[in-house]
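Just one chain is shown here, as structure tokens, and it is the form predicted alone.
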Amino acid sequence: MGKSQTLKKTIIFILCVFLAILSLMPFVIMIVNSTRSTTEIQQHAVSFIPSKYFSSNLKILLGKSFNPAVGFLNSLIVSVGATVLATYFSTMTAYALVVYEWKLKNAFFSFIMAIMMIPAQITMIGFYQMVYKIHMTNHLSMLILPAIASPSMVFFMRQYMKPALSLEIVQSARIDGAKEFFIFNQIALPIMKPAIATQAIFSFVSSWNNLFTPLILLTDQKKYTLPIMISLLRGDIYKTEYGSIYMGLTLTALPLIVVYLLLSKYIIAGVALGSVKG
């Protein structure tokens, strides 16, 4: 029995290591290719040995008509702003659906579920017309404010909050004289940390990688986000500099890795807490 369990654990360990290597391989190839020339990449697309063209690729990237540093800052502003608004207000909406009793609560939740089924591309024409009429086409705020309404995040937060938040604690806080916003900010939000961290990662990644909406709303180069700038690297009709493209992709991926590393401990804590409750 002991030998079979050891063999089983060994197989699982080997499988996990293999999957980890498989997951990390695209990032390694991307980072290595950012140090290689276009000719090297065209001859051998996959390589694990860094080359000597890092500085020349960086010069090509910085020599374009746009400024990658500005794009990085714009993407950071949009992604952080959208993530904060989406997680906070989605958690607040979920709190209202779980804690309060009101007539149209079930109908409101059904409405949110129905909106989840509508693709964002369908509403983009109407959204663009509205933004154009109010003269806000080149404002980063138009990429941030719509994040307040995030149906899928509301659904996730509600499902997590129902078993996690005890209504007795809320009632006790009310009896002690605590205001509703105090209860939400000081009691509900700390309990929701694992769920908020999980959704924050998804929201940040989605906003950071978003190319479709910024490409439609932004025409001023000073407002360009990093994905737009990376897409423009392929616009040279004479030669595509693949090394600089991989350099740009590496710069784009680095903040996502940092955000995941910062928030992963909350996700692990949430999984551990769920297993203890189960």
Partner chain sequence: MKKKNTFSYARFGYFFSLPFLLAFLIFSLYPTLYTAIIGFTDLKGIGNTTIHFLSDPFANYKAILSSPTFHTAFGNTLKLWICNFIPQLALALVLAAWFTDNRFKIPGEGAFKVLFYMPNIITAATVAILFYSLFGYPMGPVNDLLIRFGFLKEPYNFLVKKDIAQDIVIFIQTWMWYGYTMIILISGILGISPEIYEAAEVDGANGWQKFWFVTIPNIKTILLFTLVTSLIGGLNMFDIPRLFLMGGPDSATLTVGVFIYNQAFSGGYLYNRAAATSMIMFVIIVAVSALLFYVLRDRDEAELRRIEKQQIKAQRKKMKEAKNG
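Numbering follows the first chain given and starts at 1. Each form is matched to the other, and the largest set of C-alpha atoms that superpose within 1.5 Å is called the rigid core. Note that the structure is predicted; figures quoted are calculated from it, not measured.
FYI, the form predicted together with the partner chain isn't displayed, but the following is about it.
Three residues, Met92, Phe202 and Ile257; all within 4.5 Å of the partner chain in the predicted bound form via heavy atoms?
Yes, because Met92, Phe202 and Ile257 each have a heavy atom that approaches the partner chain to within 4.5 Å in the predicted bound form.
Find the only residue in Leu165, Ile77, Met142, Leu189 having a heavy atom within 4.5 Å of the partner chain in the predicted bound form.
Looking at the other structure, the residue within range turns out to be Met142.
Which pick from Lys222, Lys59, His44, Lys52 sits with a heavy atom within 4.5 Å of the partner chain in the predicted bound form?
The residue in contact is His44.
Whether Val32 contacts the partner chain in the predicted bound form should be assessed with a 4.5 Å heavy atom distance threshold; does it?
Residue-level check for Val32: no, no contact with the partner chain.
Spell out, yes or no, whether the shortest heavy atom distance between Pro26 and the partner chain in the predicted bound form is within 4.5 Å.
Taking the distances in the predicted bound form, the answer for Pro26 is yes, it comes within 4.5 Å of the partner chain.
Verify the contact flag for Phe109: yes if a non-hydrogen atom of it lies within 4.5 Å of a non-hydrogen atom of the partner chain in the predicted bound form, no if not.
The answer is yes: Phe109 has a heavy atom within 4.5 Å of the partner chain.
How about Val70 - does it come within 4.5 Å of the partner chain in the predicted bound form, if we only consider non-hydrogen atoms?
Flag for Val70 set to no.
In the predicted bound form, which residues of 243-265 put a heavy atom within 4.5 Å of the partner chain?
Contacting residues: Ile245, Tyr246, Leu249, Thr252, Ala253, Leu256, Ile257, Tyr260, Leu261, Ser264.
If the two forms are fitted on the core, does Tyr246 show a Cα displacement reaching 2 angstroms between this form and the one not shown?
Comparing the forms between this form and the one not shown, which are aligned on their rigid core, Tyr246 does shift its C-alpha by 2 Å or more.
Cα of Val28 displaced 2 Å or more between this form and the one not shown, core superposed?
Val28: C-alpha displaced by 2 Å or more between this form and the one not shown.
Can a Cα shift of no less than 2 Å be assigned to Lys222 between this form and the one not shown, given superposition on the rigid core?
No; Lys222 is a residue whose C-alpha shifts by less than 2 Å between this form and the one not shown when the cores are overlaid.
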